[in-house]
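Next up is one chain by itself, shown in structure tokens, the form predicted alone.
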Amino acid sequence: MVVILGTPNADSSEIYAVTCSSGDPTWAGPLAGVALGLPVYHILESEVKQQIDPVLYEQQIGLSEMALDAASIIGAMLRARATPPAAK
């Protein structure tokens, strides 16, 4: 199972990624301290994008990709995946 996010900014992307992999970092929700260990990617990342028909991707995601700060979102996802679970 893989989690694919479509969150609109780097902060929300990183929080959701950490929550799905290591547990709720705010310790406020039901996943506080629950490390699901799920791999998490954002729809804007090339690893995901290359798996989707280019015409469909452009129809469904193209406008969002142009409007969002993709570099910041992708950076947040890389940080979330690179940080060891204990440090999250």
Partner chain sequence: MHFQTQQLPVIRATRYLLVHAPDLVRYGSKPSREIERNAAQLDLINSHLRSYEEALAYAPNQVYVGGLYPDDLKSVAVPWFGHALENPARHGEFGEIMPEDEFYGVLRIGDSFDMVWLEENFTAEIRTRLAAHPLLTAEDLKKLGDGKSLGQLNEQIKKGAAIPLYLNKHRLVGCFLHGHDEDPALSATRLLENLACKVIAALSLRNLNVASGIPAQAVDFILGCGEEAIGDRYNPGGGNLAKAAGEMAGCVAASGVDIKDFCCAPVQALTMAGGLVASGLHSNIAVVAGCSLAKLGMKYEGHVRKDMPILEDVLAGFASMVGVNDGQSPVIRLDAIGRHNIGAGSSQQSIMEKLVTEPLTKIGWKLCDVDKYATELHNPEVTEPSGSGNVPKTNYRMIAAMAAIRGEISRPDLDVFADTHGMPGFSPTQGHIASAIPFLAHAQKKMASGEMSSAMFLAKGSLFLGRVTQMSDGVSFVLEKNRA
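Positions refer to the first chain, counted from 1. Since the structure is predicted, the reported quantities are computational estimates derived from the model, not experimental observations.
The same protein also has a form predicted together with the partner chain, omitted here; what follows describes it.
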- Message: Since only the chain is shown here, I'm wondering whether Ile61 would be in contact with the partner chain in the predicted bound form (any heavy atom pair within 4.5 Å).
- Response: yes
- Give a yes/no on whether Thr26 approaches the partner chain to within 4.5 Å in the predicted bound form, heavy atoms considered. yes
- Query: According to a 4.5 angstroms non-hydrogen atom cut-off, is Leu68 in contact with the partner chain in the predicted bound form?
  - Reply: yes
- Is Ser12 one of the residues lying within 4.5 Å of the partner chain in the predicted bound form, judged by heavy atom distances? yes
